[in-house]
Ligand code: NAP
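First, one chain by itself: the form predicted on its own, in structure tokens.
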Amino acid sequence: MNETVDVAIVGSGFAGLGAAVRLAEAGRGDFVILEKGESVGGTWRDNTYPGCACDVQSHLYSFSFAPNPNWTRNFARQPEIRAYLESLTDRYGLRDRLRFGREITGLEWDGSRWEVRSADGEVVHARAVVWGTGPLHIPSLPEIEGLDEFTGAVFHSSRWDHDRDLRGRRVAVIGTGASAIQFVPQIQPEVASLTLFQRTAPWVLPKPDREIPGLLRRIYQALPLVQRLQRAIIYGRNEMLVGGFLKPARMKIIEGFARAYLDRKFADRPDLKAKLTPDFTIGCKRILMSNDYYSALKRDNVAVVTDGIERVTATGVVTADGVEHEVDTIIFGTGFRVGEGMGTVAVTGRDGVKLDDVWADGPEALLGTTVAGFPNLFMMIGPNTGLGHSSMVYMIESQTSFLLDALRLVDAHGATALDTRRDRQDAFNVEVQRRLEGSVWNTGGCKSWYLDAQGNNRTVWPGYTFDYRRRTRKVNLPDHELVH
């Protein structure tokens, strides 16, 4: 079945649903939401590992137009966030716009519309496409010799095998990122042994998480202004970190807190403390927060291994020192292939130009939203919109304002589409890379997913989020051309 709509939205996580709500509220109800899964939620649908939670405060990690007075914790956990997105879908009547089981394989501009093809053969024709799949949905799995010979269970944290009973198992955890520090303390008490393979020790701070009292939740319900004020306080406090990210010397204060936390936790275990002390400036990699990760690593059934992994055998993991660590379960906490969200999709723009070719040296866009040569293609959370300090939901809301203004301009001028000028896009990216040169992400001495293979930072926004919002509030027409 083929459909023709004004706007096709790809993905039904925060980005896709946020765009859908704003379109509907603006009177642009002619859209569909194409979702590869069988329910909404995006990364909060896929990630169901034990302990899965957000590391941005609940009041800020939600839409300003749809506050949730009923958050039960300062940092919401996965089931509650997913329930929020489901309720949003119902509240704004989006169910009939959803098309599940639509894994998009190709986009092609025909001169006036996009042809959006999915793996099941369905085609949607749309004047505009909103690409809202986000960066956290393609698992990153390292290539390790012999992995296919392993006779036990193997899975990635974002594809958690809930049928695998871990009680009494000998578990290997590979990776020490944001997911691992959440699920390791959850599974540690029930496994026979847990061997954590760590390539790089992360900086960890205590997580200021606690239950939100019922009385306070009732106040939020009765007086929404109080919750908005709380959101504003959290937002302002988070923005104060930006100066440190851009001037790494200022990060020494935060690093001091993290070192004190390490000292306190491992005063009786200097051997373990040495393994868990990072060798880079805090903030270079994502700063992690946990109140129980360090405690879990001190347990008798846990071993932290810092030797590199050489290969996997049928029964274990062999490290560079020649030791075979016998395990029956391997769990990867190795994150996602950030920046490759469109890598599995054949995208063809004006004059037959392929996005793969345009992005051969790395993804670039104007304001992380539009790409020259690809009219009316709006990316949510595109290149250089990532944050190390605040909520991506704030960035998504900023981009939806840009989207709405772009469609308004196209209609006002009787045009077919809006396309970005390549010279303006190039100038913008030169500015972005210049602003990132001295940042902690680029100079902090670590290897992170913020940087591509060439060492370019294609991920992070180099400044304050309110500056990004200012620049995306309205489309600067000289940066673009109208296609008739």
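Start at 1 and count along the sequence shown; that's the residue number. Only a predicted model underlies this, so the values are computations on that prediction, with no experimental measurement involved.
Absent from the display: the form predicted in complex with the named molecule. The rest refers to it.
When you look in the predicted bound form, the only residue of 134, 177, 106, 349 with a non-hydrogen atom within 4.5 Å of the named molecule is 177. Only one of 252, 199, 159, 91 lies close to the named molecule in the predicted bound form, with a heavy atom inside 4.5 Å, and it is 199. For the chain shown alone, residue 432 is not a contact residue for the named molecule in the predicted bound form, no non-hydrogen atom being within 4.5 angstroms. Although the partner is absent here, residue 60 lies well away from the named molecule in the predicted bound form, with no heavy atom inside 4.5 Å.
Mapping the unseen interface onto this chain, residue 428 falls outside it, with no heavy atom inside 4.5 Å of the named molecule in the predicted bound form. Among heavy atoms of residue 385, none comes within 4.5 Å of the named molecule in the predicted bound form. Partner proximity in the predicted bound form, defined as non-hydrogen atoms within 4.5 angstroms of the named molecule, places exactly one of 240-248, 366-374, 318-326, 284-292 at the interface: 284-292. Contact annotation for 51-73: residues with any non-hydrogen atom within 4.5 angstroms of the named molecule in the predicted bound form are 53, 54, 55, listed in sequence order.
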